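Just the one chain here, laid out as structure tokens, in the form predicted on its own.
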């Protein structure tokens, strides 16, 4: 995917710099050339020797390297890469980028480059949430700078929250998307998302708390990797991603019909929170209070879309991925669901109220497959989507 690509990697000063060593290894595994730039602060956490050894290239650190600058080395470095990556991107580096400063080699390269820039922020949670940092982030995004992460979790300082640098494989997926590596080009993928609304009468319905954010993020990540995405969505709170075919539905039956219309596909990702039941006979007029007591609602079972597609004898997608939102015994329930439905993978999460995941911006999932249960750390839903899309690309590309 990255064979022959040249990545200019700027390593900033933070404890997360150790992850950049693994990032270099992952990039070179994929055939990319890595040109490393180590800031003075970065050199406090990782050595030039370790960076150079893994990159297989000399480390650049000094703006006033007379040999290099006799040939305007900072200009050459900034222009010869396919992508400039900053990992970790500290609060200081982000502030320099947002302010247009150019007092050292890293900042000067970022000012001089005509290539896209991807940053992987990493800092203390209070620094990440500081108004100045948020302003800088907004400025950088407005300037076209791409971001990956940060994730939430425990930090070296002992605090917990967003600020951890994205994992190396997440950054690799973002790099592939940024430079146009399209491992899913020519592949057609179906994604369902959002809740369904099952009518009781013309003004009332049965629903759930799904925002559709995770399904939307998955569709976006797959599209970035080149997939032709059919996005079947219930009445979600978030807008559908751009660059995909959007099919809007309300009820589970409508979603089932839309799935049938989208087949055949190479893979199906069923992230929608489909209502298990509907009112068997929805009223065509608003139900009123009466002296006879509460209305009696009779329920009927909705179509089981995931099971039906997973167990198709003809035209089954090559990869079927289901989702399981659980409130207890997550791994046990999700493993049983995978066996019952017949899908290849289940992406399970704990949506009990204490987690804040249902309707929130983060997720903590377990990927259930034939190889067992793989727990992923808590991270932003975009990062979960990137990681899942990369896994799907690895299967379909094989």
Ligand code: CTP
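In this text the structure is predicted, and so the values were computed from the model without any measurement. Residue numbers count along the first chain shown, from 1.
Form predicted in complex with the named molecule: not shown, discussed below.
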Contact residue in the predicted bound form, chosen from 195, 322, 317, 240 - any heavy atom within 4.5 Å of the named molecule: 322
Interface residue in the predicted bound form among 250, 304, 266, 104, criterion: non-hydrogen atom within 4.5 angstroms of the named molecule: 304
Stretch in contact, per heavy atom within 4.5 angstroms of the named molecule in the predicted bound form, of 267-275, 95-103, 240-248, 119-127: 267-275
Contact label in the predicted bound form: residue 341 to the named molecule, heavy atom within 4.5 Å: yes
Residue 337, heavy atom within 4.5 angstroms of the named molecule in the predicted bound form: yes
